[in-house]
Structure formats: structure tokens, C-alpha cells
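This document opens with one chain alone, in C-alpha cells, the form predicted alone.
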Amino acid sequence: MHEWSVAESVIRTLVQWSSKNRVIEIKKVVISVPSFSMLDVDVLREAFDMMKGEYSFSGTLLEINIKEPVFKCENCDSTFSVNDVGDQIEKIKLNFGEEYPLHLMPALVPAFLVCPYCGSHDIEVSSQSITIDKIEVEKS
């Protein structure tokens, strides 16, 4: 249930950004979340909607895009997707349950996944960060 803390972080970032840029009203914020984090976007949107009124963002819409990570093996130089390691992820979920380690800490990928081509744990993952991609404001 870290969706609530993610929503709070987005709102805090908006508070700081709007203050710094002297923006009175934010119409829309677009964020991207990695699919690997397995965030429940409905819960994230609900959390944002419930908290936004406390920070004078009651009219702000939240748009959530899902971004797929790209894995790169540093051993054999192959690149692969979540689909290529889906069976490994399912095994991890079976072993640890809903709150499996990669859900909470995607940076642990090299500890749990192996390259489907050479079996190495020397894997880098792109797109693990939740990012604010766009903020639309009301012009004054």
C-alpha cells in the first residue's frame, strides 16, 4: 500500500514546484510509474484525489502512464523486457506473496532475476523511477 506515500510525494513536489514558480492553480499533472513497481493505479489515483484538497489542488487531475522497464545484461549485452522474465517474476511472487521484494524495491532486480540469454545477475534496469512528466497550469 505504498500508493498513498507515492501520492503524498507527488503532492509535496507539486507544492514545492508551484511555490517556486508562483503558480496559483495546477490543472493537470501527468506522472509515469514503472510497471515493475506493480502500483495499483486506481488506489494511487484515489489517494491523490483524497489528499489533493488539503493542499489547494482540489481541481487538479492526475494522469498516470505506465512505463515498461528495459533490462540490459552487462555480461552478454542483451536487452530484454518484463515479458522475457515474466516466469521469474511469477516465481518470486509465489515465494513472497503480494508484497514481493521487487514490488517494494525494484532496485533489487539483479538479486532476484537473471538474464534469460546467459543466466547472469549482472543486470541494469531502466525506467524504475516514478516521474512527473508534465504539469499543466492555469494561466493568469
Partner chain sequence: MNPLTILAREKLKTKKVTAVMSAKGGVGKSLISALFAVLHSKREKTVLIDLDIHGMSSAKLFGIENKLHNITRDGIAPFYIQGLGIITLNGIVKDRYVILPGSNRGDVMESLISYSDLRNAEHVVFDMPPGLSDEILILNRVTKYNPMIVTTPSKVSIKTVEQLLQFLNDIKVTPKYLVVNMAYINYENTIIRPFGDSTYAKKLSERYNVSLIEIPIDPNIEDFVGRIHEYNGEIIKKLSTLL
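These numbers come from a predicted model, not from an experiment. Residue numbers count along the first chain shown, from 1.
FYI, the form predicted together with the partner chain isn't displayed, but the following is about it.
*Asks:* Just to confirm, with a 4.5 Å cut-off on non-hydrogen atoms, which of Asn83, Ser58, Asn95, Asn65 contacts the partner chain in the predicted bound form?
*Replies:* After the contact test, the surviving option is Asn95.
*Asks:* Taking any heavy atom pair closer than or equal to 4.5 Å as contact, tell me whether Ser9 reaches the partner chain in the predicted bound form.
*Replies:* Ser9 belongs to the contact set for the partner chain.
*Asks:* Applying a 4.5 Å heavy atom distance criterion, does Ser19 contact the partner chain in the predicted bound form?
*Replies:* Ser19 lies outside the contact set for the partner chain.
*Asks:* Indicate whether the partner chain has at least one heavy atom within 4.5 Å of a heavy atom of Cys76 in the predicted bound form.
*Replies:* Taking the distances in the predicted bound form, the answer for Cys76 is no, it never comes within 4.5 Å of the partner chain.
*Asks:* So, in the predicted bound form, is Leu108 in contact with the partner chain at a 4.5 angstroms heavy atom limit?
*Replies:* Leu108 belongs to the contact set for the partner chain.
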